[in-house]
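A single chain, nothing else alongside it, follows as structure tokens in the form predicted alone.
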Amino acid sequence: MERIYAWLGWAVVGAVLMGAGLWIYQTWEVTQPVPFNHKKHVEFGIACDACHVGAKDSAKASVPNISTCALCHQPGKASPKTPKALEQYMQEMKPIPWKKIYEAPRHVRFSHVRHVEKGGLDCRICHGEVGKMERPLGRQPVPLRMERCMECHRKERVTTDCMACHR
């Protein structure tokens, strides 16, 4: 009987720690190196996949690098519209050290092309209203949770077989 109580005690401790870890993960906010304004870029008519290459036609989407930014922002020609931090990265030809916000667990297979191009999903379904944000993302506006994915898969009538998404 003592073993059962000991096991239950450790199970409760584990559940509390997992819950605390999940809460910290979802509320923790990072500071990005460039004060990126998604709203302003959307107002200019720039689509998500113009900066996040691969968001429609690849398994993974990229984060913008200086060569992507330089398509619109002229390196060496500072303007009031170009943040000083971005200007510095472009002048030094250094990659922008963006801090990762979205990351699927290692055991999950996620493909942007399957969801966006083939599935016809809008970026906002998984990423929220990022296009209305005037500050750079510091945390996930929409938490990545299996229940949310399953709800969408059932609604869209696509497979809910574990092996379709899990390794």
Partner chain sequence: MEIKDQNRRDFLKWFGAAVGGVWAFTSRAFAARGEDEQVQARGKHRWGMVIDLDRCTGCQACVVACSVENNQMLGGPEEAALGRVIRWLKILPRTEAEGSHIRQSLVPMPCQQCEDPPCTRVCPTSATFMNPEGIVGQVYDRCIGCRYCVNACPYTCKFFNWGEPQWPKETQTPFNPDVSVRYKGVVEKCLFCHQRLQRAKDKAREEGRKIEEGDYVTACQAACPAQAIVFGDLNDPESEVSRLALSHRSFKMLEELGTKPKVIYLREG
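What you are looking at is a predicted structure, and each value in this text was computed from that prediction instead of being measured. Numbering follows the first chain given and starts at 1.
What follows is about the form predicted in complex with the partner chain, which we do not show.
Using a 4.5 angstroms heavy atom cutoff to the partner chain in the predicted bound form, all of K118, M150 and R157 count as contacting. The closest heavy atom approach of R3 to the partner chain in the predicted bound form falls outside 4.5 Å. Taking the partner from the other structure, the partner chain in the predicted bound form has a heavy atom within 4.5 Å of a heavy atom of R114.
Of the heavy atoms in R109, some are within 4.5 Å of the partner chain in the predicted bound form.
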